[in-house]
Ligand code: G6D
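Below, in structure tokens: the form predicted alone, a single chain.
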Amino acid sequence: MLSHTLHSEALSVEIRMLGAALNRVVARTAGAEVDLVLGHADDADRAASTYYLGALVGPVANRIANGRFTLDGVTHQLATNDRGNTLHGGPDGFSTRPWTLIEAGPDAATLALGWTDPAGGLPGHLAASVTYRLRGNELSQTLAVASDTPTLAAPCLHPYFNLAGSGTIRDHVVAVRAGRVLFTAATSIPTGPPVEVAGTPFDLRGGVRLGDVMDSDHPQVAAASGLDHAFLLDPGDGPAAVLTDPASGRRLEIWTDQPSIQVFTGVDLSTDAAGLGGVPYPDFGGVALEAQQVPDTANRTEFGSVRIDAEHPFRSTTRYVFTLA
């Protein structure tokens, strides 16, 4: 089986086995169907893509500087795949593998993957699973990773949203409950401690039109041709992030137990190997909102820990709540 589709009265959600990917979220509004996420027409397109559209990435999401980390006093070298760093699990990460559908129903599905690092840099045999559950206009995903030995794991889902269903996300409004952001070097590795967002284009707390942020002359925005930054979430109630398309009135709330949200505005999406139906998406055709551990936590203990072992597996839940006009 290549895919499984969940249904509710509001949404239809396609999960692909390759990369356990969230490939479609189709809303039925005003007699029409609108796909709210970026996906691929088939697995050949997905395998050729370099943008992780909707994929479950890991074992460790985001970047590990130089592909190197020290665990319990031993230094390990991972395969690298992004400017000398290991990105989203490396060249043979979770997103490159076919997952196995172990439970399936009309409103829930659980996929599983057994994974060992082909390059040998990451210790242990990992048992990963993800459960997608659809209730009305709410989609949740629960991730779990267990290991037989101390190792690293902190995967995440990598969805790109376009609530208009087409065009770019420049007119979307995004709000992120984050008073701090990580600035990065040219290799997208954090350069120092978190930076206060107050008084900068990175202050998204009140809701900001994405195009206004992307047009800023702030050197960090210019270097990334938009946003590709981790926002460190403030404690408190309410969603971690809210995305709104004012033209359609559609809205997305993201609720998560993870400490950060990576916001990536999709520069150069048009150069990707494939798009839905074989037609490339435009540049800035979707915004990735990735609920995850803080980038390079493997080497930055002040950000927390991505260490797991037999007694302490990884587990995380993120919910996506849609308001459909």
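Numbers follow the displayed sequence, beginning with 1. Just so we're clear, the structure is a prediction, and the values are computed from it rather than from any experiment.
Keep in mind that the form predicted in complex with ligand G6D is not shown, yet the notes after this line are about it.
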{"query": "Interface stretch in the predicted bound form with ligand G6D - options 105 to 113, 123 to 131, 137 to 145, 157 to 165, non-hydrogen atom within 4.5 Å", "finding": "157 to 165"}
{"query": "Of Asp203, Asp92, Asp228, Asp171, the one that lies within 4.5 Å of ligand G6D in the predicted bound form (heavy atoms)", "finding": "Asp228"}
{"query": "Triple contact flag Tyr52, Arg63 and His88 to ligand G6D in the predicted bound form, non-hydrogen atom at 4.5 angstroms", "finding": "yes"}
{"query": "Contact label in the predicted bound form: Gln262 to ligand G6D, heavy atom within 4.5 Å", "finding": "yes"}
{"query": "Glu290, heavy atom within 4.5 angstroms of ligand G6D in the predicted bound form", "finding": "yes"}
